[in-house]
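Form predicted on its own, single chain, as structure tokens, below.
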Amino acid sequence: MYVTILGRQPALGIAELERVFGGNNVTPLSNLAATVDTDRLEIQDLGGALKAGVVIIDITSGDWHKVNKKIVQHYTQEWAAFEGKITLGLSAYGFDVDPRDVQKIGIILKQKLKKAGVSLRLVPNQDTALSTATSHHNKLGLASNKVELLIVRAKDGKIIIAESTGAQNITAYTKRDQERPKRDAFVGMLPPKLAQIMINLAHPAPHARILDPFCGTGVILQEAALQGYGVYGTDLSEKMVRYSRENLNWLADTHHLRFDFDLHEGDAMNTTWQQPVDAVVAETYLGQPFSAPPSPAKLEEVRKNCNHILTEFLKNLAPQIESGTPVCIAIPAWRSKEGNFTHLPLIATIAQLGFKPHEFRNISQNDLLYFREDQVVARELLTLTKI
């Protein structure tokens, strides 16, 4: 059993876990964490989970004092004969405690182990939980002597203590995003982490060939290639096709990868794609950007235009892919000052276009919105299957 620490928008992390491991195997504990019943979970395979760990101790109920006592007792025995130096990080989620109380567990444990001749270094922290960057920098969870304890309290009072198996490699995401040779802010810059989530939401078969019909600068294609999929991209713009090619060649060179890819110009509303197409993952046309919510008339104009383009795209796509083909697309939704969203009309008629939404167990499809607080245009992720 694993526990995962969820990212800024937990619904996306839950959805990703469900698609990768099955809805019956995922149990949300709170907006901060979920358990996954699986024998193997690799944190670098997931975009929506910040940390992961193997569950070691399960407490049905209790307070922080009980947690403190249980951890000290367990690890005093567990590490009594440990050879070498232990590096320990402590992270608490869902508790209303002072960061000093979290660190106190490590201090007590350090004192007890010292008496047994075991050396322990406690990772200093001013917060109740270590940041992902700190966890990764200290290589916590990546060796037997580098341990981070994830102490998680569920909404129902249940407490889980897990040993981390690693944290997201933020540095690698940043490099793939900022060091690739071609970027273009005008067409939007899809974060690699979100691209990874979208690929996992589609959940293609191993070695499937993924089509991105709006490939832009190739972020989804890059992430798909890293996961071992075949990649195929088209775009209305010759410039974007060229940018994708340069970025994919850069990825192959810098990551010492060998993979084939196909790219060509094509209008998603009428192009004929080369077969096979085993899955479709794309950030589609999101309309013009807004720095503030537009007027009702302007919003309706943009919404109507986006709906037309994406409806025609789906009409064109449906007869070209086989029944059962997974599709994950990001479409626009517009956020008001009050935090309400205006969606595309095509969502209500998606079955008429030849697709059915995936039914998640723990969340609603309507929860799959990616946005930052200052953004008007959100990305709404549709997880579909060709009927």
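The shown structure was predicted, so the numbers you read here are calculated from the model rather than taken from an experiment. One-based numbering along the sequence shown.
Heads up, the form predicted in complex with a small molecule isn't pictured, but that's what we're talking about next.
A.B. asks: Given that the small molecule is left out here, which of T284, T165, Q227, T134 has a heavy atom within 4.5 Å of it in the model of the complex?
C.D. replies: Comparing distances to the small molecule in the model of the complex, the residue within 4.5 Å is T284.
A.B. asks: Just one of G266, P294, P192, P204 has a heavy atom within 4.5 angstroms of the small molecule in the model of the complex, so which one?
C.D. replies: Contact with the small molecule in the model of the complex is made by G266 alone.
A.B. asks: Going by a heavy atom distance of 4.5 Å, is L211 a contact of the small molecule in the model of the complex?
C.D. replies: No, L211 stays farther than 4.5 Å from the small molecule in the model of the complex.
A.B. asks: State yes or no: in the model of the complex, is some non-hydrogen atom of G216 no more than 4.5 angstroms from a non-hydrogen atom of the small molecule?
C.D. replies: Yes, G216 lies within 4.5 Å of the small molecule in the model of the complex.
A.B. asks: Does any heavy atom of D235 come within 4.5 Å of a heavy atom of the small molecule in the model of the complex?
C.D. replies: Looking in the model of the complex, residue contacts with the small molecule include D235, since a heavy atom lies within 4.5 Å.
A.B. asks: Verify the contact flag for I86: yes if a non-hydrogen atom of it lies within 4.5 Å of a non-hydrogen atom of the small molecule in the model of the complex, no if not.
C.D. replies: Although the small molecule is absent here, I86 would stay clear of it in the model of the complex, with no heavy atoms inside 4.5 Å.
A.B. asks: With the partner removed from view, which of 267-275, 104-112, 167-175, 153-161 is the stretch that lies within 4.5 Å of the small molecule in the model of the complex, judged by heavy atom distances?
C.D. replies: Residues of 267-275 come within 4.5 Å of the partner.
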